[in-house]
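A lone chain, given as structure tokens: the form predicted on its own.
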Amino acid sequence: MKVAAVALASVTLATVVLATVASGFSRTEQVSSPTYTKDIAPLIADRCGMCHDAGGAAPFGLLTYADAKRHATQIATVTRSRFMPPWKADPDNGPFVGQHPLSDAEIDLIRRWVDGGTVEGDPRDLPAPRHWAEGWRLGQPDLIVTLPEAYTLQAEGTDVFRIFVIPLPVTKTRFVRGLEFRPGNAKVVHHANIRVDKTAASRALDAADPGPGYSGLILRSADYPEGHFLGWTPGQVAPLLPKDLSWRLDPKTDLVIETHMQPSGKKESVQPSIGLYFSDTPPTRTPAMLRLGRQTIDIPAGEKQYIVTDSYTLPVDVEVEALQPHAHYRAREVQGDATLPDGTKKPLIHIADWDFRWQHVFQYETPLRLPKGTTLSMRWVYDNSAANTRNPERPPKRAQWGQRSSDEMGDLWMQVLTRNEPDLVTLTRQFRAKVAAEDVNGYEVEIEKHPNDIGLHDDAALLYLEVGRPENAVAHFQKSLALKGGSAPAHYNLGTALSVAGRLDEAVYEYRQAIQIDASYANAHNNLGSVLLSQGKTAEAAREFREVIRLQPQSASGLANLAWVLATASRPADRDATQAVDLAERVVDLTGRRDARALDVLAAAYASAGRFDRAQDAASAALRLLPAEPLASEIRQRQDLYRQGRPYVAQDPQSRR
């Protein structure tokens, strides 16, 4: 095919005439040569402008002809390879909010514009200017918090991951509809994940590390709130939530910001800010956050295809709201699927060329409905060889699971909504057991690397208690106590693990050690009382519970424990039904009638006072809250006694020996 170039009078209407001859048939068609003003500027404004505007997250602007022409060859290269715009998911996935990758035809249009000499075109063809808000894109926040002291990012070197902790000046419970992150230096901040910590643990790590923030691990106490993703990538701002999906923010909560930064060649100052948008009403629906993944990842050096898989079968119907795949540098392909009960497979997410630098929360435009019995699955493929240009180790080294970017991870997070509250309770309870069992593996990997990290031992011990392996918890708390020295909390933690393991005399000793160090340690008094009660030492237990109430008059746990003793003690001399009812009613008021254990105590107190109708009502109210086993069965058994006009009396442990 020969192409004859024809010079036309108007550059703005530059065209070429194509003459095609084949098998005796000829036709002539006229194709416009692309221009910046008519063809390229609209594409750049729509797909690139949110980052490539003045002061945006990208390293240079593209919103003028001069800028686009200067970077024309680069634009053609990165769009042809689909490195830009940074949308990594398969176009057939979703559809997701913001899913607008360049089509093959649009990529070819850019190529033809570059090959044709980057013609500017008629200025009258330019699209109307678009303005990206320099202020808060969701409007003026109700609360703005800023990192008090700017962090100085080094000029050279590898990517930096820094965890910043910002205490929130919130004095009453609020409900959050939205969160907007401003990186404080969009030139070097690549992405951020944000969690909330209701404890002082993250703040303590920050205080112990020189300078703003700290390097290391995110503690278990810092997590996404009530099933919501909180994160930021360039150009992404999550819309405000419907009021019925807001999340709860309690006083004394810190924001924990995991920030990924890339050196620019000179020292840079980074000082992120966060705007919070509040709702006046509490949420009526709460999402669940599911996580598939393995924490036993162990990739040999040079391994080109290391595969990680995981799956989970849904016990209830759900609607999938959003997905977030996660891995580090060695991952090459990630794939998540849903297999319906009839065997039909629905792709959730597929990224054929995973790039750690371009992570994203993929939010469905319309939630994806999945029925009970659907199996969710993930398959991650890793390349730990020198052929992987993104491998952070040269030469390649063994890579284990870990939260640092030089380690590896493999997770598929899913935000889902259930049909109702009982289904949410069922899903959360079942899935939590799966996650806790996997988290144990991850903590053991980290402890192998950092055997003297007290926080790791404490968190691992708590996980072992959760999964029903108290002897492992005892071992980790013993190590933590040895590292801490004479610490009341360390003795208390060890006492708790020993009591769960059934080593009651040792538990009593550890609790008394904690109280000797800190006589005002209410929780130690409370747990000591519980162990003494299980040993049949009712009077001693009651004294400990009274001390709890003296130290903390509003302690729901202390009030409930003392009420239980006074209502159900095996010896009549240790009972006081009137006081038990008074204490139990206070507990129920404190817990807003939303605590099944408190209502169970109230039922036992009413029965002890001979008020069996009210005892049955309280037991029924407790069961409507769907308590977990074995508490649910125990409440039903006691309710049967109340129907017979009989109070519940605890069996004397001494009589069982």
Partner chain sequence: MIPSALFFVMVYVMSRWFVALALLVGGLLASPGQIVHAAPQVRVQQVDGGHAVDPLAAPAGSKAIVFLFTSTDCPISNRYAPEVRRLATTYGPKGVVFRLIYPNPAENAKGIREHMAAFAYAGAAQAFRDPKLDLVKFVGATITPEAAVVVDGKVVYRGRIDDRYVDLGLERPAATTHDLGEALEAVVTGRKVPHPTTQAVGCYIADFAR
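Positions refer to the first chain, counted from 1. In this text, all values refer to a predicted model and were calculated from it rather than measured experimentally.
Heads up, the form predicted together with the partner chain isn't pictured, but that's what we're talking about next.
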Worksheet entry | Every residue of Thr118, Pro263 and Lys266 near the partner chain in the predicted complex, heavy atom within 4.5 Å | yes
Worksheet item: Looking at Arg543, Arg357, Arg369, Arg285, which has any heavy atom no more than 4.5 Å from the partner chain in the predicted complex?
Response: Arg357
Response to the item:
In this chain shown alone, the residue from Arg220, Lys484, His71, Arg575 with a heavy atom within 4.5 Å of the partner chain in the predicted complex is His71
Discussion item. Based on heavy atom distances of 4.5 Å or less, which listed stretch (99-107, 153-161, 210-218, 438-446) is in contact with the partner chain in the predicted complex?
Written reply: 153-161
Discussion item. Quick check on Val78: any heavy atom within 4.5 Å of the partner chain in the predicted complex?
Written reply: yes
Worksheet item: Any chance Phe83 has a heavy atom within 4.5 Å of the partner chain in the predicted complex?
Response: yes
Worksheet item: At the 4.5 Å heavy atom threshold, is Leu533 in contact with the partner chain in the predicted complex?
Response: no
Worksheet item: How about Asn391: is it within 4.5 Å of the partner chain in the predicted complex, going by heavy atoms?
Response: yes
